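In structure tokens, the next block holds one chain alone, the form predicted alone.
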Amino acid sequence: MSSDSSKKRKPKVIRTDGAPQENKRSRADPDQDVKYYSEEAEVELRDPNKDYELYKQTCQELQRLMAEIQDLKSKGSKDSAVAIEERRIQSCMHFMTLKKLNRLAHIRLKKGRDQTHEAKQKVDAYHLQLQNLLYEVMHLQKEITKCLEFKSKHEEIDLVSVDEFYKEAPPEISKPDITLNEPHQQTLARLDWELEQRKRLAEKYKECLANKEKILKEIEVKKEYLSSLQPRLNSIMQASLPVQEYLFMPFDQAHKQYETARHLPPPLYVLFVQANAYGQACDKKLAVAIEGSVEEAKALYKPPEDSQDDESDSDAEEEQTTKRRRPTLGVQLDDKRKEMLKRHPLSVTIDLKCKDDSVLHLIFYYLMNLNVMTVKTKVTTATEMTTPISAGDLLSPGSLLNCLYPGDHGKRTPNPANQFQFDKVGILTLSDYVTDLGHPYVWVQKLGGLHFPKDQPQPTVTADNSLSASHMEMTMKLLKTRLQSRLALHKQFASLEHGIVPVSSECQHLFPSKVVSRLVKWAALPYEDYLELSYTKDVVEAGLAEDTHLYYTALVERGTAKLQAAVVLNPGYSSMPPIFNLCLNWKGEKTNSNDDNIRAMESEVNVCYKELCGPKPGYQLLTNQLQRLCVVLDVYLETESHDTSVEGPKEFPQEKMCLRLVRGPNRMKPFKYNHPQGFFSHR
């Protein structure tokens, strides 16, 4: 049996990764039973989860065997070698199992990658087909859109309405029996009718062109006649100049003025037109004229000419510029300021004549870059007037037109955009330049049709004729009133400086026949000195004293009593009355803060001023107030009780007739004068 078993051989197994190969099969012994083993086929039959469990069990067995081998080696017994060898053989078998599981895992991984790659290829193929289909859909949609949006040429033709077509078109064209039911035939019929109408209009157009040519020829003939007539008219106008001067009808001069007015900027042009219209309608003595260089005004609107000789002379210019010094930053700023404040070459002058032949000259300028107008003033009187020292500011150009309208002092630009322009060139305020440029009063802007709203700023402000016309009449009346009031004050100041209070015959009844107190001093008072006076604080705190007002001081004396008066003269005199503050130096200093009678004297002058206005327009108010001041000082001194401890006669004997000397706990004195009875009473 041993020989039989030795003769029998086990079949030889050849492991391959794929199918059995022919060359391997030829090498094998034909007598041997050759079997081929494929692990790829085995992968399909094996469960991965079971392989994973086998892997864990094999690893655990390896750990156990390795631990036993370590224990046996550590004991060092002679019988342990056989046990160690057995366990080593078992470990090798487990290692073989792990290798096989590793090969199977790699095969599974390779198959998974191959399957994933095949699936990706299928997805890519499907995606490509989808893109092709989407492209075809988009192409079809574009074609459909083109078809839907197709517009025929006849749609651009403005055809008559359907109702009008059937009314006007003849039946052979409209064909109502066919076209009413078929829109296509109806459109064709309407197009035929449109063609027929256009043929008729073309014929009319040719006829009109022929008439036009005929009329143009007639116009040319008349133009030749008028051009030959112009020299004759010029010669007639030249010959009629002496007649115009004799009849005071300067047609030629007016024509030249209007020709010059074409070159005025819009605000000055509006002012010129509206002032002329006001003069013709309301004030025949109003004179309006244009001054300045017309050539410079024309040059402003000429486009800059391109010089062709610059290229030939460029080398010489470069040599000159290198030799010149560059301007410093200060010089550049000065140049920018001059350019910013540049005036238009033309200006408009208006001469306002009053009844006494005094003239107020107004010169209006336009600042081109600031888009505002300014005005300068000058006064001419019919006769030479001696200028009192205290009347220096009455007719000065800087204060003559101050606050013509309330709050309009002309020291700031009315255009809000100018402040940003000033910041660029370093100009703090326009008040530093008004001496040269003139005052930018708000009423000046309105006369030029300019309006700058503060609540709603506008990017561009244009001249408005209606705005100028609405303010022209009122402004001219205010200007005349201001001039007349200042001239009246000028004459009164000449008398006041000599200690004479002029009282007209119409106002004599306002005062008693005998006034003992007299005006000793009348002089101008600086604004800063007025603020420093102790008895003017009430007026300053009330906001009735501003730097635009005029300030004067008056001194009234009687015996040892001296009454000082600080006077605030509003620019709008006489519509706004002067304000008096009093200080009596007699037996101490008495003001409105420590003496109720001084307060009553101020009230007589300041509160009851309407009694002192005199005949309209009330230019005698100031002198009447000063005369009333002398009267109430007499009453104050004469009604004062006599000190019995002082020997001798009373310093101020009572000459005024009073019903009661004092009244009430405050011992108020009777300051009200009653005419014609001639006595004084309490108010």
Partner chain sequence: MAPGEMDAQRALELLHMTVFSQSVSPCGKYLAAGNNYGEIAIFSLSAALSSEAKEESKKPVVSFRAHDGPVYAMVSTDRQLLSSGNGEVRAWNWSDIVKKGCKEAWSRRPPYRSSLEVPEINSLQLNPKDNSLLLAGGDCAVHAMDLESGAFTHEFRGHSDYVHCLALRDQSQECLSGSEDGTVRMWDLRTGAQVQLIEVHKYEECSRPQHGKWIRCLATDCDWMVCGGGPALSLWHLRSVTPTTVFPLPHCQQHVMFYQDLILSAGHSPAINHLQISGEIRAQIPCTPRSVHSLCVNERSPEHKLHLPAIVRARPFSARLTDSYEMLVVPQVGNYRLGSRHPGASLR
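Owing to the predicted nature of the structure, the values given are computational and were not obtained by experimental measurement. Numbering follows the first chain given and starts at 1.
Here the subject shifts to the form predicted in complex with the partner chain, a form of this protein not shown in this document.
- Using a 4.5 Å heavy atom cutoff, S575, E602 and K610 all lie near the partner chain in the model of the complex.
- Stretch 535 to 543 is the contacting one of 418 to 426, 342 to 350, 535 to 543, 261 to 269, since its residues have non-hydrogen atoms within 4.5 Å of the partner chain in the model of the complex.
- In the model of the complex, H675 stays away from the partner chain, with no heavy atom inside 4.5 Å.
- Taking non-hydrogen atoms only, D192 never approaches the partner chain to within 4.5 angstroms in the model of the complex.
- The shortest heavy atom separation between N592 and the partner chain in the model of the complex is within 4.5 Å.
- The partner chain is not shown here, but in the model of the complex it comes within 4.5 Å of a heavy atom of N606.
- Residue-level contacts in the model of the complex: of V375, L584, A554, I579, one residue has a heavy atom within 4.5 Å of the partner chain, and it is I579.
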